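Next up: just one chain, as structure tokens, the form predicted alone.
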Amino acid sequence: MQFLRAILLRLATTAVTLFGAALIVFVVVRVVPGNPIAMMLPPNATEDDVARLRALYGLDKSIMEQFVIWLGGVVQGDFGTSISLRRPVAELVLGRLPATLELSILALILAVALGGAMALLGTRWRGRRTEAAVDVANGVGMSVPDFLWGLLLILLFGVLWPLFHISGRVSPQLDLPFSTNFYLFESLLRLRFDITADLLAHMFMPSVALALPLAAIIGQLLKQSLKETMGLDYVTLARTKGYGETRVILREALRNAVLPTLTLVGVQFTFLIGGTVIIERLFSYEGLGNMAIDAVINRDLPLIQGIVIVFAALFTAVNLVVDLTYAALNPRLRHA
């Protein structure tokens, strides 16, 4: 019962967070300089033309009136109409969201695999050159931002050795017999491995660019947690039973050492999703982050609001899932 009460409390906190984010973004995008209506009209437009468009998009009302009207539409699933693209915001955002989610999940898988492997190597051969090499690699990974990794990958595998695609999400000549925009997942379910290979060839460099900084953080924290766990009594007891060092790490120490890393992965995953904005632009990837930049350039207020709300919902949902997972894996928190 207490665990259920905690879940309901977190859901209520999430709702308040989303409301606050919506209010702040709604006000900020309207007080910054720039007139989206002027960008839609030709230079010879009259004052009547401007007034009609302002009334059409509700910009002739006060900010709070606009917010109440917009929030009422959001509750009903209507996020408004894009000023620049003249299409429903919900349709545009939901159409691009799967591409960003697939890229983020692939980057997270790569980061966990690479960071975990580095941590295990550094722990297994601690005190040797291998651990020093792991520490240097983690330091480099954390020091270089994702967009610089992206530029380096484009230079290496897009120019010098053109092994992967440097732009787009999928080759335009391919026939896409999909019913959803989750192309990667659906291609695997339909056993269309030719499309899967093409998608991965487009996603490889942006996902690696996103994964490398996160992999370095995961590797550093997990290695430190393993190092502390390896000195505990139950690990020493396992050694006295004759277990090999690798088995001690994987079967005894890793289970407890991974819990702090799990929380970090969840928190960093939200930053990873936010990092897709620059990476998607760099690789011309057709995701939500690329659309966000276009929306800001065009001063497309309804589209900006819709994208921010979706990002905020993703962040709060990921944090909620991480907290519940951590509580489920940690009996002390689950029964606290």
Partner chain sequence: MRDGRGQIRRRAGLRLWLSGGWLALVLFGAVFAPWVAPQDPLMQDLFTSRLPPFWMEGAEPGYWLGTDNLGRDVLSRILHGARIALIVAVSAGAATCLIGATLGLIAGYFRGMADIVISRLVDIWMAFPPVLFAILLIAVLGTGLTSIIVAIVVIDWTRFARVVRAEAMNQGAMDYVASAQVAGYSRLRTMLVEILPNVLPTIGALLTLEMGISVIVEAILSFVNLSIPTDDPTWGGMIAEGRQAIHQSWWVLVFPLVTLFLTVLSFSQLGEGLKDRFDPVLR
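Since this is a predicted model, take the numbers as computed values, not measurements. Numbering follows the first chain given and starts at 1.
The protein also exists as the form predicted together with the partner chain; that form is not presented, and the subsequent description refers to it.
Enquirer: Using a 4.5 angstroms cut-off on non-hydrogen atoms, would V322 count as touching the partner chain in the predicted bound form?
Expert: Residue-level check for V322: no, no contact with the partner chain.
Enquirer: Is V28 part of the interface with the partner chain in the predicted bound form - any heavy atom within 4.5 Å?
Expert: Judged by the heavy-atom cut-off of 4.5 Å, V28 is in contact with the partner chain in the predicted bound form.
Enquirer: Is it the case that P145, even though its partner is missing from this view, gets within 4.5 Å of the partner chain in the predicted bound form, heavy atoms only?
Expert: Yes, contact at 4.5 Å.
Enquirer: Taking any heavy atom pair closer than or equal to 4.5 Å as contact, tell me whether L11 reaches the partner chain in the predicted bound form.
Expert: L11: no, not in contact with the partner chain in the predicted bound form.
Enquirer: 112 to 120, 97 to 105, 184 to 192, 157 to 165: which one contacts the partner chain in the predicted bound form at 4.5 Å, heavy atom to heavy atom?
Expert: Contact-bearing stretch, as computed: 157 to 165.
Enquirer: Could you run down 255 to 281 and flag each residue that has a heavy atom within 4.5 Å of the partner chain in the predicted bound form?
Expert: Residues within 4.5 Å: V267, F271, G274, V277, I278, R281.
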